[in-house]
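As a starting point, one isolated chain is supplied in structure tokens, in the form predicted alone.
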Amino acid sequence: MTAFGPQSSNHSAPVYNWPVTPKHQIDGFGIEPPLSDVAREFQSTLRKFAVNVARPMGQKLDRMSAAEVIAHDSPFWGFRKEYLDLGVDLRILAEMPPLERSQMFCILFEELGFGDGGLAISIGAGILPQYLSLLFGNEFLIERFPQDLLGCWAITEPDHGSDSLDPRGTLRHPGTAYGRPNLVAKLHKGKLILNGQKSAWVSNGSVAEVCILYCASDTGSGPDYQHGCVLVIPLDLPGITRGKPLEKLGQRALPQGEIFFQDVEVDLDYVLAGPEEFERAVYLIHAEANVLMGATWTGAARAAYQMAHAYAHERRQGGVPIYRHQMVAYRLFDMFRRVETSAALTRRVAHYNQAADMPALQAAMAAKVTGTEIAFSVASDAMQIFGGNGITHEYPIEKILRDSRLSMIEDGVNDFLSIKGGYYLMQDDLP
């Protein structure tokens, strides 16, 4: 014992179990208290699926045309089958206590995003008709549409993008009108008649079997977005057709496309929320989808960070692995810090909203905006570490960069969400 050491020692104290040169290794799921055995097994299974199935499948689909992605012999359908074989059951998840449920949803979408962001969004959009039916407690729709049917969420329209999420027109420029809806449901002889279209940005729109449809309604005084309606309908009804699948910069593994409706008759049994419930239904799906987005792109950011971390140990420059260069070490730490910030916020918001009597939409928006912007910035920094190799198809970094750039636009552009989130922070009533 030296003069600089403790005068008395208690060798049972935890600190004496540390290595002489302390260094803690954080596992691949990040800074999180120990998971339960069930949650850890779930996370481990999904990580293997992400790395061994989703990532290589996403890379393969990324090099195909949009028409090839949705063809009957496309690898997309093999991926879909392998995901269904995992046996993720929405009803079981929905019945879990709030903390466990929020944790499982975050694990699910962080790990799917870790594998491939576009395919993760396909799965997320694919469960929304069934999941919202569960949340509304609509037994007819729950039984009518089993979980193995691929779903889509149709809300965006050619003339109405993010403003479709603003039925009260809170964010409209003063003195302007919302404009005519592109799709209207009109009540006629005890049925709803649908005429119009949804835009090319409907995720899974070109391949889905069931749709959760948000649209304006006309009860006799003209189309009205503020009092619209929400339907869960099969997409094989007479009068429904699809447009060409969308070619786009990123998330090419995610099929997107227009859906057209011409005199489509829908029984009232398929109404999930009528005009009096419409604003509440927009709020609910928006809150759920924004947290899903935060988790998905946290996973993508973590993938970019881990790839850059591994590459920095492999790539040598100046006679040493590049992680030994101060700028690379600084950049990796900054990436790590941002990924963990995104994960912490998203997981906290998920738990808060699952436990609350009513979710906080402004919190969900914060998770989405933060998660997507961090994913893009981390992917960009990862590309900088990869250098010239990062811009080639040999490495997946350029794909993550393209995919994450789109995430700041989908499910409400981040600018719109930030303004609307600011209004939700105000104490006075919204206009």
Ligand SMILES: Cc1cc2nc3c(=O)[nH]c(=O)nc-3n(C[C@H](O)[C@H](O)[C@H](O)COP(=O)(O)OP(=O)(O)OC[C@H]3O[C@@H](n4cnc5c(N)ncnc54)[C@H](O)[C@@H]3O)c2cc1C
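One rule holds for the numbers: they count along the sequence shown, beginning at 1. Everything numeric here is computed off the predicted structure, so don't read it as measured data.
Form predicted together with this ligand: not shown, discussed below.
Trainee: Look up in the predicted bound form whether A303 has a non-hydrogen atom within 4.5 angstroms of this ligand, and give yes or no.
Mentor: A303 lies outside the contact set for this ligand.
Trainee: So in the predicted bound form, does any heavy atom of A154 sit within 4.5 Å of this ligand?
Mentor: Although this ligand is absent here, A154 would touch it in the predicted bound form, with heavy atoms inside 4.5 Å.
Trainee: Can you tell me if L406 lies within 4.5 angstroms of this ligand in the predicted bound form, counting non-hydrogen atoms only?
Mentor: Yes.
Trainee: Can any non-hydrogen atom of G161 be found within 4.5 angstroms of this ligand in the predicted bound form?
Mentor: It does: once this ligand is placed as it appears in the predicted bound form, G161 has a heavy atom within 4.5 Å of it.
Trainee: Select, from the options 277 to 285, 258 to 266, 97 to 105, 199 to 207, the stretch whose residues sit within 4.5 angstroms of this ligand in the predicted bound form by heavy atom distance.
Mentor: It is 199 to 207 that comes within 4.5 Å of the partner.
Trainee: Please state whether all three residues L171, Q251 and F416 have a non-hydrogen atom within 4.5 angstroms of this ligand in the predicted bound form.
Mentor: Yes, all three are in contact.
Trainee: Tell me, which of C229, L165, L141, L112 has a heavy atom within 4.5 angstroms of this ligand in the predicted bound form?
Mentor: It is L165 that has a heavy atom within 4.5 Å of the partner.
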